[in-house]
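Below you'll find only one chain, the form predicted on its own, shown as C-alpha cells.
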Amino acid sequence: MTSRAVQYRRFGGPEVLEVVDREDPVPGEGQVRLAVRAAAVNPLDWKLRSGGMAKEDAPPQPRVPGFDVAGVVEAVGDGVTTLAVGDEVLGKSVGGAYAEKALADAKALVRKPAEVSWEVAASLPVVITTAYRALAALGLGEGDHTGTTLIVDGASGGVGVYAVQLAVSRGATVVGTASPAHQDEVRAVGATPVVYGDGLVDRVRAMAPQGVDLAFETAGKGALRDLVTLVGSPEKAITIADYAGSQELGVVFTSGGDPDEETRALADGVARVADGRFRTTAVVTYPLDQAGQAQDDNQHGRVSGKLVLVP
C-alpha cells in the first residue's frame, strides 16, 4: 500500500519540501503505524530541513519531517502489548509525522481523550513535555510551591501557556512576559502580565516587589540577561530558546529529557486539557501540500498559535 508524505532530498528553504507517494512504513519491534490525523509544525522541523544542524551536504536518504503526531493505530509491531489496532493516540513519532502514515514507539504515545480534537492533540506533545521538564529542572516539580514567584518569558507562546498554568496549579505566583497585544492572554492563564523589551527589570520589580525567585525563558528574544538580573543567579534560570545566551551567562539550556518521564508528563497534561484544567493555545491548520508555507510561517512568526498539518 502507498500513501502520501512530505519529504526533502536536499537541505534548504521551504521550497525543498515535496509531496510524494511512498510505500507505507512497516512498524518494527515496539512500534506502531498510525493513520495520521494531524501533525504539528515545530521549530526543530525547519531547523533540520535547513541543514543548519547537519554535518553532511544532504540527507543520506529522503527525509520526512515532523515528530508531534495524533492518529489511529492501524498496525502493531512485535512486542507491543499496550496498544491495539483502532486506538486513538497522540505523542511523538520516530520522525516522519508529515504524512498520511507514520511510525511511533508505542511507549511514546498516550491515548487521546474524546474531548480533545485531533488538531489540538497533535499540538500538545512538545509544548507540554517541555513545560513539565523545565519546571522540574527549576525545582518546581510535583508538590506545593506556594511562596515561590516564577517569571515566564514568552508566556503567551506554546510552551509558556502550559508552563504558566502548571506552575500556578502547583501554588506558584507567576509573572508572564508577552507583547502588548497578548497581555490579556497571559492574564487568562493565571499569570500577572508584563510587556517584554527594554525596561523589563524595572517593570517586573515594580509589579512584584517581593522579588522573583526563578525564571523560565521560552522566547529567545534577548531577555535572558534581564531574567538572571531579576533572580540574582544563573542557577535560578533555565532556557529552551537562547543557546548562545545560556553559554555566555551560565544558564541551563534544556532540549530533551527522559522518554518515560516525558510520556508520563504528556499523559498528565492531556488529562488536564481534557477536563478543562488547562486552556489550550489557538491552532491553525494547513493541508500537507502547504507544509512549506506552514514551516515558513512558523519560522518567521507570521501566525499566532500552534501550526498543524492535516493530511
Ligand SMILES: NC(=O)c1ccc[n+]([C@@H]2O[C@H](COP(=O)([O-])OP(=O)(O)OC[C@H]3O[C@@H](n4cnc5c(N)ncnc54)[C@H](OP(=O)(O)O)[C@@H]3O)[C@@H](O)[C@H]2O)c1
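All residue numbers refer to positions in the sequence shown, first residue = 1. All figures in this text were calculated on a predicted structure; none of them were measured in a lab.
Here the subject shifts to the form predicted in complex with the named molecule, a form of this protein not shown in this document.
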**Message:** So, a 4.5 angstroms cut-off on heavy atom distances: do all three of V127, G154 and N298 pass it with respect to the named molecule in the model of the complex?
**Reply:** yes
For the named molecule in the model of the complex, the stretch among 40-48, 59-67, 271-279, 27-35 with residues bearing a heavy atom within 4.5 Å is 40-48
Does the 4.5 Å heavy atom contact test between S93 and the named molecule in the model of the complex come out positive? no
Quiz prompt | Exercise: S179 in contact with the named molecule in the model of the complex, heavy atom 4.5 Å | solution = yes
How about V159: is it within 4.5 Å of the named molecule in the model of the complex, going by heavy atoms?
yes
*Consider A219 of the chain shown here, and say whether it contacts the named molecule in the model of the complex, taking contact as heavy atoms within 4.5 Å.*
yes
Among V120, V228, A241, V73, just one has a heavy atom within 4.5 Å of the named molecule in the model of the complex, namely A241
Exactly one of K101, R203, R170, R133 comes within 4.5 Å of the named molecule in the model of the complex through a heavy atom, and that residue is R133
Checked 237-269 against the named molecule in the model of the complex; residues with a heavy atom within 4.5 Å, sequence order, are I240, A241, F253, T254, S255, G256
